[in-house]
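In structure tokens, the next block holds one chain alone, the form predicted on its own.
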């Protein structure tokens, strides 16, 4: 039995494939300033069958941490700016592949079985995409992509190295102004939403070893599945690493990365969000939106303020656990009505109408409010 035959019986279950946490515990405990640290990560360019939302197993090329197995998408690389990061990248597949973080590090082509040690200084704080740049965009879209999150050197309450005045003022106002009562942003309150899609016919071609022409790929690409962090529908909406969660007044940073060849327009309910950075540049105006188009390869940061939802009527000075006590105590169809959950779904037609993208089994998740501004959690509903 050859390797690809074996893969037919070794599917990676979707529920077991989760994106790594953005803030390693070791980084949370760092003092305000630190000397240059050395971080080392081993990545293999590998393959696996990945279970889609309808139970279909789809062959993919994937980055894997050998200690944890293949991931779709690849494991999140987390560091602080100025850290020295060393990556050991090995191509275990039968064709050339590569590893690149544009403007940071580039392995060049890796032949079958080849390994390279890549060392770089962590760049300015922000959100980055790593991927296989060969045969673009085929290799990237067949699964070889992941996110890198770089935090500021001093782990401050601003996620950027050199924010614009508007973004700096926005983060300074959190927890320090009447409009944003509550707490400042902290690095632990961050979530990566990495968007991608899957057209299984091309994955099947890769599995049997057929070459894929990039032009034919682009012209013939018709995605069936739309994913956030490798998951769709209920799976993406029940993954605590994907769902922003907190009390009113606990702002959250959502780092959106689009590894896809399609444009996506995520739309969020319950709060509007502030667009704080696009492709590594903090914004001059940090404008407020509820929908924003994210183009292929774009990296867009949203600040979700976790304000009291304006569509809940009643005295704003009364905690929600008292104002709507009966509603929060209900269990409807076996589903508790607390915490308060608000959906995020794609507003682009493609992801709503394709076979595997039908809302609500496509690119959808939610965020949840677990308690009031005064720090008291909502009743459980049980």
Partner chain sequence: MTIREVRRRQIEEDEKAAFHKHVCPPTHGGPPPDPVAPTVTLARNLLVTIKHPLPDGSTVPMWVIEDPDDPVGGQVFPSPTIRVREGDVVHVRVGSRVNTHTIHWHGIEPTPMNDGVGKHSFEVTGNFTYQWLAAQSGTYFYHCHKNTTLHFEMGLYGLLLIDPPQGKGFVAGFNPPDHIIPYDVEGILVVDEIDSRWHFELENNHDAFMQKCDPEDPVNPAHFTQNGFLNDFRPDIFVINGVARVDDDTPIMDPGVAINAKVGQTILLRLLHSGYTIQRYTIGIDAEAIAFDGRPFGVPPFGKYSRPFIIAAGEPFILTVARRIELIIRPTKPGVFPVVVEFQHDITRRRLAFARTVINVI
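Positions refer to the first chain, counted from 1. As the structure is a computational prediction, the values presented were derived from the model and not from experiment.
Form predicted together with its partner chain: not shown, discussed below.
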What stretch, of 114-122, 142-150, 76-84, 263-271, brings heavy atoms to within 4.5 Å of its partner chain in the predicted complex? 263-271
185, 128, 235, 160: which sits within 4.5 Å of its partner chain in the predicted complex by any heavy atom? 235
Could you work out which of 104, 136, 205, 218 is the residue within 4.5 angstroms of its partner chain in the predicted complex, going by heavy atoms? 218
Is every one of 222, 293 and 311 in contact with its partner chain in the predicted complex, taking contact as a heavy atom within 4.5 Å? yes
Looking at the partner-bound form in the predicted complex, is residue 43 within 4.5 Å of its partner chain by any heavy atom? no
Contact between residue 277 and its partner chain in the predicted complex at 4.5 Å, heavy atoms? no
4.5 angstroms heavy atom contact with its partner chain in the predicted complex for residue 306: no
Do residue 180 and its partner chain come within 4.5 Å of each other in the predicted complex, heavy atoms counted? yes
Going through 154-188 from first to last, which residues have a non-hydrogen atom within 4.5 Å of its partner chain in the predicted complex? 166, 169, 170, 173, 179, 180
